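Next up: a single chain in structure tokens, the form predicted on its own.
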């Protein structure tokens, strides 16, 4: 695999121009480009420029509304809803997360249901945004079936990621973002592209046999992490990010999708909690003592630690040469 250096500004502009060229308006293009740039900046290559061909395909096919105008409404003082208007999730987040944060700051807790969106990015930006407001946050989305429930060999669940953030007074938030599959599909696809194997237990081939070949897993099925435990969490995400927010579960999302290679329509569940109100102001000492003890244990790296370290490097990022050529050719 060969790579070429690209500045963060050029990554943003490449993604933005691709979105504009495919029919998105400036607001939608900027939101996607910023999301892509942040992923590349933080080292999350599977959610950066790698996603742009899928974004473009779903705009060109007309499945996604490149001029989406998401609208937020308060169903109760703490239950908020955002209609994504068939657009990409980052635009809906720009319209709704600050409203969710305000409600949680005032009331102690607030929940947000988002429907009619296409989520194709990492899941940490939402919860990190809320944690920077001093809030504890959890978010989840579903996708299309590519994960077999524990004991099965046929897909039913999406990779169904779950993210969590905990605010810290004098440090960046504690954040994790994980697929409930043994490995995120984007990472499987990149491993296949780059000719790398994956750990046994990641997935099965089309005949239902365990394999370390990511190309064969793509033809077959992913497995949940942790056996039945991860499987049950994936099931929980199906229900939280589907029926609870007025959207579909993964297999229904696939049935109505046009198969253009971009993300299907789906929903998202986000909850924000104010530790000051919920704890009565008695949370920092215990949480910081716990995080300090955890971070000092041999062999432990706090979640998001590597991502925050990557952010300190403002220099160029190495981008797969074939991907870069593919994206640049679409703009000629």
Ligand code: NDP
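Just so it is clear, the structure is predicted and the values come from calculations on it, not from any experiment. Numbering follows the first chain given and starts at 1.
We do not show the form predicted together with the ligand, though everything after this point is about it.
- Candidate site formed by 159, 176 and 303: every one of these residues places a non-hydrogen atom within 4.5 angstroms of the ligand in the predicted bound form.
- The stretch that touches the ligand in the predicted bound form, counting heavy atoms within 4.5 Å, is 140-148, out of 140-148, 239-247, 213-221, 92-100.
- The ligand is not drawn, but in the predicted bound form it has a heavy atom within 4.5 Å of residue 124.
- At the 4.5 Å threshold, heavy atoms of residue 187 reach the ligand in the predicted bound form.
- The ligand is not shown here, but in the predicted bound form it comes within 4.5 Å of a heavy atom of residue 307.
- Of all the residues from 57-93, none has a non-hydrogen atom no more than 4.5 Å from the ligand in the predicted bound form.
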